[in-house]
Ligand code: CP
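Only one chain comes next, encoded as structure tokens, the form predicted alone.
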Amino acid sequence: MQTGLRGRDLIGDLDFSKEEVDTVLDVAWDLKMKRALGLPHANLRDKVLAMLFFFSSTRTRGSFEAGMAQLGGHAAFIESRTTQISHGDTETEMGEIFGRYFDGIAIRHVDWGIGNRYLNLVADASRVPVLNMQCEIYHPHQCLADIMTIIEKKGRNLRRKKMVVSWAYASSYLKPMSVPQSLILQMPRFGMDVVLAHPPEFQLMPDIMDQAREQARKFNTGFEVVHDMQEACEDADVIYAKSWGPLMTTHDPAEGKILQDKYKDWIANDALMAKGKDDVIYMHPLPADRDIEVTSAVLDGPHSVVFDQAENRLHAQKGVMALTMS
């Protein structure tokens, strides 16, 4: 167990070493057990977390807010449009001032080319930990909940387990690519063989791809890219299929929608799940475009673990907060 996480930021998935992620997971499971048994665990009594949102949320706000309350503290929900950010409060002001008012700052900002930079500049000015509730590059707390869920379903030894991270069609907005990018960075560290599947126009960031290949080399795991969803899912242990925008190809929503609509057959359905192993699990961070991105039969079916994933957001984030904000 690593004990040096107090005061640390978590902005990118590789900010914490593999051993530090293991520590977060151990603490998360301990706090999950205590909640199940009704045991008090007010590790952050009198601590306050600022939650600054530039992008709307269901699970992220709910899990951070509930988690802080269960840890004995308080989470202040702050919608960016209700602040003076548009009138002159820069990242320096937010880091300096919120770092003096609060014991931690959590930020969700997914605007392309802006969000991650914003988080890092706030962190540079802050005397308290800055936690990434999702930016355009990373979604580390979602990924922690995901690995926690996979271990619960598949066991601690994940070596040679095949995880497919696949694009899927969605008719709504061009979604951030932060979830698949976090997954391909984190999962090789746990021994999983990762197959990334997407249409040619839906590449991930080159720097992230290079880092993912480096993690796969370091941890002696497989990492490959294919452009066929059906082929990718053969003999899969985990199928994580969700949409993201073609942001490496275009930032124009209209052009992006045209590209999306070329691939309406990229859907997670029963036929796709049948290509995986008998005990394959389906994962999605939610919200999903029902019967467009994934069929209701899969989302609500026996292979789906999406609600366990959603619950584990609470426990994984409590682990991070307890370790960094104590």
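The first residue of the sequence shown is number 1, and the count goes up from there. This is a predicted model, so every value here is computed, not measured.
The discussion below concerns the form predicted together with the named molecule, not included here.
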Query raised in the report: Heavy atom within 4.5 Å of the named molecule in the model of the complex: which of Arg189, Lys175, Lys162, Arg108?
Result: Arg108
Report summary line: Students should find that, of Asn132, Ser166, Gln142, Gln181, the residue having a non-hydrogen atom no more than 4.5 angstroms from the named molecule in the model of the complex is Gln142
Report summary line: Exactly one listed stretch (41-49, 284-292, 257-265, 65-73) reaches within 4.5 angstroms of the named molecule in the model of the complex by non-hydrogen atoms, and it is 284-292
Report task. Answer for His315 alone: is it within 4.5 Å of the named molecule in the model of the complex, judged on heavy atom distances? Result -> no
**Report entry** Touches the named molecule in the model of the complex: Arg59 (any heavy atom, 4.5 Å)
**Finding:** yes
